[in-house]
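Presented below, as structure tokens, is a lone chain in the form predicted alone.
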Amino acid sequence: MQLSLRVERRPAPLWFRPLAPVIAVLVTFAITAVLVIAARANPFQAYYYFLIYPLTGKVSASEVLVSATPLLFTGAAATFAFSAGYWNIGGEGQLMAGAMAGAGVGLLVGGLSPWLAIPIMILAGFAGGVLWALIPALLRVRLAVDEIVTTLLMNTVFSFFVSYILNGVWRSPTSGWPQSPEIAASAHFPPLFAGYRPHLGLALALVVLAAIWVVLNRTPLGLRMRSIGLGMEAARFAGVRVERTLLIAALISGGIAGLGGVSEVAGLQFHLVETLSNNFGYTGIIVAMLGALNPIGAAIAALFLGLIGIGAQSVSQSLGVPVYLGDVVEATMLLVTLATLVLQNYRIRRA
């Protein structure tokens, strides 16, 4: 008897959707195990150092939180925009815009108490992200220019702008390094735990994610955004002001990414440098997709990728595996996650 299969465009079973991120992680590890073997290491040992070893010590566990903090912001930004069908790929540039605005304001608030200096700096970072997100957002709603292209290109533009500023007016006069002057001590984010590096930015990121969940699930704006994300023309037919809603989603998303830049400046670096972002904006896309565009899922995904980042260093030190294997895992995870999301709209059936 001949067995014939065909692919149908139908929603996958309900049990598949919550398992999709888990399936993506398992498939990613199966694929990258080939690379671990090629590096002459044991995959099981490698994944032990990736996923378990960083959590066995207080210092390394706290560093996982530090590593995850900017990803919480950029993942939240991508989740918010993507939920409305606005594909904001500009989190990298918006994060740096927020960092620059925060660093600039941080130089001016030395005479204020931390209770005033820190909120002002946070607002400045949010505004910086909003302003850099404004141009592609207006191009999208006014001229229907594809936001994927414009937001992606804006990342490069701001990267060169930061390099120009840091090699010019903000170059350190003492060391000559391309970095801004240090922000005022009153603008430093306080640590959450004495003796460890996690700081106020982590708490702020969790508050932002909680607020996004409320907006998306409990407010009229969230309902309009989700309706546009599911079907723009249907939402327009139902009376939703699509362009206005997309503009709001784009600007808030940019502001959230800008908060991630402030967090890095005020919580860790205390000045602006060209290497402040380690592709946090692009990794935020992985966070959003792996979290299935759910704020809670994005928080879990950010912590997981923060663990991968610290685990990559542990693997490299213990087994001699190249440290950039962590980047390979993240990239592979994005591709596999996108594939599983596509598969949610198809079924394989017997003909």
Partner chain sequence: MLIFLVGLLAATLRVATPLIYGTMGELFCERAGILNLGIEGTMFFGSFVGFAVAYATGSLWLGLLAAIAAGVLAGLLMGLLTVSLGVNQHVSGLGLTLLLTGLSLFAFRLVFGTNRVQPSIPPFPQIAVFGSLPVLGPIFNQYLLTYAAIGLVPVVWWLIYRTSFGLKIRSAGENPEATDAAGVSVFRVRYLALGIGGGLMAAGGAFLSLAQLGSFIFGIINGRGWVCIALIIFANWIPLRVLLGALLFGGVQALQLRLQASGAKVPYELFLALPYLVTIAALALAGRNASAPAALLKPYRRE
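Quick caveat: nothing in here was measured; it's all calculated off a predicted structure. Numbering follows the first chain given and starts at 1.
Another form exists, predicted in complex with its partner chain; not displayed. Remarks below refer to it.
- Segments offered: 245-253, 217-225, 156-164, 118-126. Contacting its partner chain in the model of the complex at heavy atom distances within 4.5 Å is 156-164.
- The three residues I23, A61 and L272 each lack any heavy atom within 4.5 Å of its partner chain in the model of the complex.
- The shortest heavy atom separation between Y324 and its partner chain in the model of the complex is within 4.5 Å.
- Of the heavy atoms in V169, none are within 4.5 Å of its partner chain in the model of the complex.
- Residue contact with its partner chain in the model of the complex: L35 places a heavy atom within 4.5 Å of it.
- Shown alone here, I89 lies within 4.5 Å of its partner chain in the model of the complex, counting heavy atoms only.
- I148 is the sole member of I148, A203, A234, L268 with a non-hydrogen atom lying within 4.5 angstroms of its partner chain in the model of the complex.
- Checked against its partner chain in the model of the complex, the candidates L152, L131, V109, V208 yield a single residue with a heavy atom inside 4.5 Å, and that residue is L152.
- Taking its partner chain as it sits in the model of the complex, the stretch 314-340 comes within 4.5 angstroms of it through a non-hydrogen atom at V321, P322, Y324, L325, D327, V328, A331, T332, L334, L335, L338, A339.
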